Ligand code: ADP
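Only one chain is given next, in structure tokens, and it is the form predicted on its own.
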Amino acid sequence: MAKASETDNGGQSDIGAPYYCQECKRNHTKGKIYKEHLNFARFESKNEESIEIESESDELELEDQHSLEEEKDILTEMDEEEDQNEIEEDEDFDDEVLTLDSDKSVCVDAVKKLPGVGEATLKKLIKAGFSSLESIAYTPPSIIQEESGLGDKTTAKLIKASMDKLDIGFKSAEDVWEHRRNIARITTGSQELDNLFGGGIETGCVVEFFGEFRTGKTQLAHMLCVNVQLPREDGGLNGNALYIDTEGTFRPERIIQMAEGLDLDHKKILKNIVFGRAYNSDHQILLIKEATNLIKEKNIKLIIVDSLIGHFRSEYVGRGTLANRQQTINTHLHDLLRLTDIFPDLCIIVTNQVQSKPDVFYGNPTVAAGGNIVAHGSTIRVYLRKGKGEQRVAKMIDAPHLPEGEAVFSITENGITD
């Protein structure tokens, strides 16, 4: 490498003094290395240490510059990937809407035609479970706003337009009778128990079975999951079942026994039962909200909640939480009742626990848990108690159209029988 010549400054080589490079024919400053002239310039030996330090710092600056450029390239690539993902998500949503159009064309098309419903609003409504006019018209505005994120005015317009299209208003008792005389029913497997319900458990209502342990609540729930899949002429609805288990008592092997007792293909029966395990009260409420989108997709005709109040009793402890617990249960029950309004061919069965009243000295001290909230929220209430051996006794406690009565049925290996 060439040695730099000093300018006429008395032979001194002070750092920062200018000098002229004979090799590259340029002016430089002592103590500083220029990247483009590293192959030409070299300083005096006493300045070599400082030169090396400057050289290392310049190299680090170069490395930092390269790393910054690489980071910019990486960020640019990430932004491009995110943009591409957003485009793909939009394309997926378009495909989803098309799928919904093919499966539930009437419902989704009707929602699309509501005033002010664009692609973004439609996406929010479908994601929140409001994919039909009925689900929008029968749901309180506060719930729609909370779950879909729509504004007050938009929600009010959607509800009003949905009610206008459905012609929700007054109707004659004759019209109500025409609807109820053709209502569908599910057989329980026991003729006496069917007679207690007026021909079977009807759709469009919430039926509560409550009683002590081993009185047949879960057995009835399992049997109805099988019977709902029977043809209508055999006491079924040609539909599937949704089973929400809160106590961990669902047993597929029991379903297999009941299906084989009716000479049915147990593999098909099990496949048509959608199972959900609720691990706490909030999860239980969430599963019911998510069931809205499953009902038409999976042809659900029966929903089982076994049991209704188990999680609430364990999580809300003490008198201080009683009011909050009862209000939460009340909201949960109205979510179930709303499903029967939106889907008239749907039957909902809930099982309930019991508790003892310490102030009762004569008579039966056993009452249903949940108090008046559960009593008012259920359409039909049936009390189950043990009989002799395999026999169980069902007592009609409350029904708007049925008298009080009792029915005796048996729980066998093949299911519910007389």
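Start at 1 and count along the sequence shown; that's the residue number. Computed from a predicted structure; not experimentally measured.
Keep in mind that the form predicted together with the named molecule is missing from the display, and what follows is about it.
Query raised in the report: Of T218, S281, S148, S135, which one comes within 4.5 Å of the named molecule in the predicted bound form, counting heavy atoms only?
Result: Residue within 4.5 Å of the partner: T218.
Query raised in the report: Between the options R277, R254, H334, R313, which residue brings a heavy atom to within 4.5 Å of the named molecule in the predicted bound form?
Result: Looking at R277, R254, H334, R313 one by one, just R254 meets the 4.5 Å heavy-atom criterion.
Query - Contact label in the predicted bound form: T417 to the named molecule, heavy atom within 4.5 Å - result: Taking the distances in the predicted bound form, the answer for T417 is no, it never comes within 4.5 Å of the named molecule.
Query raised in the report: So, in the predicted bound form, is W177 in contact with the named molecule at a 4.5 angstroms heavy atom limit?
Result: W177: no contact with the named molecule in the predicted bound form.
**Report entry** Any non-hydrogen atom of R214 within 4.5 angstroms of the named molecule in the predicted bound form
**Finding:** Yes.
**Report entry** the named molecule in the predicted bound form: contacting segment from 107 to 115, 125 to 133, 206 to 214, 324 to 332, heavy atom within 4.5 Å
**Finding:** Partner-contacting stretch among the options: 206 to 214.
**Report entry** Within 389 to 418, the residues that have a heavy atom no more than 4.5 Å from the named molecule in the predicted bound form
**Finding:** Counting only heavy atoms within 4.5 Å of the named molecule in the predicted bound form, the contacting residues of 389 to 418 are R392, I411, T412, E413.
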